[in-house]
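The chain below stands alone and is given in structure tokens; this is the form predicted alone.
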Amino acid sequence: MPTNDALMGMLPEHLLLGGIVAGIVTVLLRRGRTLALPVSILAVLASAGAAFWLGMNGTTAEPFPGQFAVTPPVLMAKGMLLLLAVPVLLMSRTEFEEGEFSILLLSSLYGLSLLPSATSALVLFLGLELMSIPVYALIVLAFRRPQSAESALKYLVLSGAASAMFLMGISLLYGSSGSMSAGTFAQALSATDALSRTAVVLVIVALFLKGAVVPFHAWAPDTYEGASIPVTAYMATLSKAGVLIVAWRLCDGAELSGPLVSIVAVLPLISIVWGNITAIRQQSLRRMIAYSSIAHAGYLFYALLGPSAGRLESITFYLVVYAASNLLAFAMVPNTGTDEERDRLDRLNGLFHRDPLAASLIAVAMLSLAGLPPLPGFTAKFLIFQTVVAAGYSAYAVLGLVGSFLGLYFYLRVIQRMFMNTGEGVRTTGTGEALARTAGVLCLLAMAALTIVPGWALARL
């Protein structure tokens, strides 16, 4: 293993690891507990900056041959995903004043950062677990309501079941091929022997369970509702992004065919329809976002139907836009009342009359999530459906578009509550609120950039 490759190829991961160690030291030194947040933000910025720098310089390296490799598109995708953790950290100041949140989040990010570069099923499994395990603790860390422990337990049990199925699937692949390479899965997609087919089904079901695709979605609404807002924001965006990156890595270079097309098309299509319809009935903001995320998982898995070339671009662009829009909405939710009151959608009634900036930015986020032009959500959905049509599955693309129209109602209902209804509330100010608004502005800037120059971002993926 060349030393320089190991150092430079894994520089983003090394910087994250340095941030985790520095965060632990600041927490152990009780006087430095409040330093954990700025230290973590600096670590994430440095890690994302390193990924962008290496990607722009055209770095291609294989620090661990057969296990971990970096290329410019992978580094750019990694940098974009890492950068999205900054708003989550800024939002956490309103909920978590100690440093434990920052350390756990960085630990989860370390697992996420491994996934785009993983070239073996074993590293993919390790990355998924490193990303998921800190989230169990994050859910109960705030303990704002009694449901937090139940939510963490549900997530632990179902995520553990998904991990077991994923591990069983890659074990069967190893048994049938003698290789742990991620490319083995792509070859198994067209295999006809029972062992390979069983392995493929187990891995796909595990990814659907992790990504909350119908009918494996039941954990998501309860878990999102029981977690605090920064944790829900992280789970709905970056944690889901990790699952889709694993799906892309496993299917990289392969075109889906035969019965697999039905599995990968029908269940995500049901997710789109079911997630959008069920979100309409929700009175809790986090449950609404949970069902919305179920629908968006359907759009993202749809991308696997398209040609392998360009799949990373469409998935990464969608993930970044979806995450920025969701984080913008979460960042601008007024921090008033108890956690349960803050979660009620009727607390948004008349928000425009109390806080025009927050209401306007939440409206932008909702319109982007709905996929209306000229916002980047439209471009993201267009890319996904374009790939589906290019692969010859026009009927699935049309059905997916019809399903996406169902989502317009609940996104527009949030805007109607803020601008047309009347309501009472107290506007709060403080350090935490200012940081949350800074997070919202950063997300807005990212969305503006992707709206104005989407081609610039796509050309670098």
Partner chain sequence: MSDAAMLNWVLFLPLLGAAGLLVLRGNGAAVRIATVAVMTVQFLLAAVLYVHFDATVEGLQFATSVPWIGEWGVSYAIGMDGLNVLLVLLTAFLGPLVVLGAWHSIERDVTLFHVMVLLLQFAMMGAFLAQDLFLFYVFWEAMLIPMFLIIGIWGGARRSYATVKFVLYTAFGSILMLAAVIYLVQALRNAGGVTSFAFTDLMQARLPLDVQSVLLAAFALSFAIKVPMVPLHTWLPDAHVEAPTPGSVILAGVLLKMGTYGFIKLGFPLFPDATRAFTPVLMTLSVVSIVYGACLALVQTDIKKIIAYSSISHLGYVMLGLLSLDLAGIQGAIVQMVSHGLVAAGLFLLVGMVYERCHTRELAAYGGLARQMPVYAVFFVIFTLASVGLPTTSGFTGEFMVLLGAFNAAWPQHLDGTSLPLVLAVTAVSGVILGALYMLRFALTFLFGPARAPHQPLTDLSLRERSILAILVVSIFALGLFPDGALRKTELAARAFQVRLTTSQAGTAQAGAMQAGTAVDAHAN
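Positions refer to the first chain, counted from 1. A quick note: this is a predicted structure, and the numbers were derived from the prediction, not measured.
If you look for the form predicted in complex with the partner chain, you will not find it shown, but the lines that follow are about it.
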In the model of the complex, A152 touching the partner chain (heavy atom, 4.5 Å): no
V27, heavy atom within 4.5 angstroms of the partner chain in the model of the complex: no
Y393 within 4.5 Å of the partner chain in the model of the complex, heavy atoms: yes
The partner chain contact at F419 in the model of the complex, heavy atom, 4.5 Å: yes
Option touching the partner chain, based on a heavy atom within 4.5 Å in the model of the complex, out of L42, A434, L412, M56: L412
Residue among L383, L209, L104, L202 with a heavy atom within 4.5 Å of the partner chain in the model of the complex: L383
Stretch in contact in the model of the complex with the partner chain, which is absent here, among 169-177, 236-244, 348-356, 76-84 (heavy atoms within 4.5 Å): 348-356
Neighbours of the partner chain in the model of the complex among 436-456 [non-hydrogen atom within 4.5 angstroms]: T451, I452, P454, G455
